[in-house]
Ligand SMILES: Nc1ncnc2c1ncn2[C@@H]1O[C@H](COP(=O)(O)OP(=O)(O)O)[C@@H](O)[C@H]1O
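Take a look at this single chain in structure tokens; it is the form predicted on its own.
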């Protein structure tokens, strides 16, 4: 199963993906998280130590240029670079969950040259090919990444949305682009829910009911402030992470 998660900035997509990864891990699944956000902090969310030593591969320009086979002054580079060793060398394992901090695949108009992009895309494709792993892709906020078509091979897209009109507008834009690139299954996940009116507001604004609602959790907020791994917090009464895993299996 290959699941991507997206949404407007600040809606809690990294938090929800970490909690979902923990559920799959407890269920005995082989779990890999790919952090493809331009400001990755999944490692911190999971409680990985010495995170200051973790550098997103997207920022390793010299390494990416070398691996692309590009020669200075030449327009040519290797379209099928070898990346298997990079996947091995830069993959982190923490409490049974694997993590690859990829960083964002940038567009040409942001100053990122094609050879580097090609290596990153090749790595992402390889990571998504594993038939047995549960692969969770934490994407950058917004909608641009879908327009670039960087998530071919994804089975499911989760769009995290909070009870605000701007979040709903962004979520609906993401859904439209996801449909355009033919992602097989697209679902909304409600977050920061306080009461029934929040649930109704989201369901009406989206035109459908999210497959699960995560409450506005004091436990999560305290854990983040105390730098406690979210995977260590007590299970909430509604157990939304488990309900989400069950919904994805149906």
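Numbering follows the first chain given and starts at 1. Please read all numbers here as calculations on a predicted model, not as lab measurements.
Separately, the form predicted together with the ligand exists; it is not shown, and the next lines address it.
- The partner is absent here; in the model of the complex, the one residue of 57, 206, 48, 192 having a heavy atom within 4.5 Å of the ligand is 192.
- The partner is absent here; in the model of the complex, the one residue of 199, 185, 221, 26 having a heavy atom within 4.5 Å of the ligand is 221.
- In the model of the complex, the ligand lies farther than 4.5 Å from every heavy atom of residue 229.
- Using a 4.5 angstroms threshold between heavy atoms, residue 2 stays clear of the ligand in the model of the complex.
- At least one heavy atom of residue 11 is located within 4.5 Å of the ligand in the model of the complex.
- Proximity of residue 216 to the ligand in the model of the complex: non-hydrogen atoms within 4.5 Å are present.
- Note that among 177 to 185, 208 to 216, 49 to 57, 26 to 34, the stretch whose heavy atoms approach the ligand to within 4.5 Å in the model of the complex is 208 to 216.
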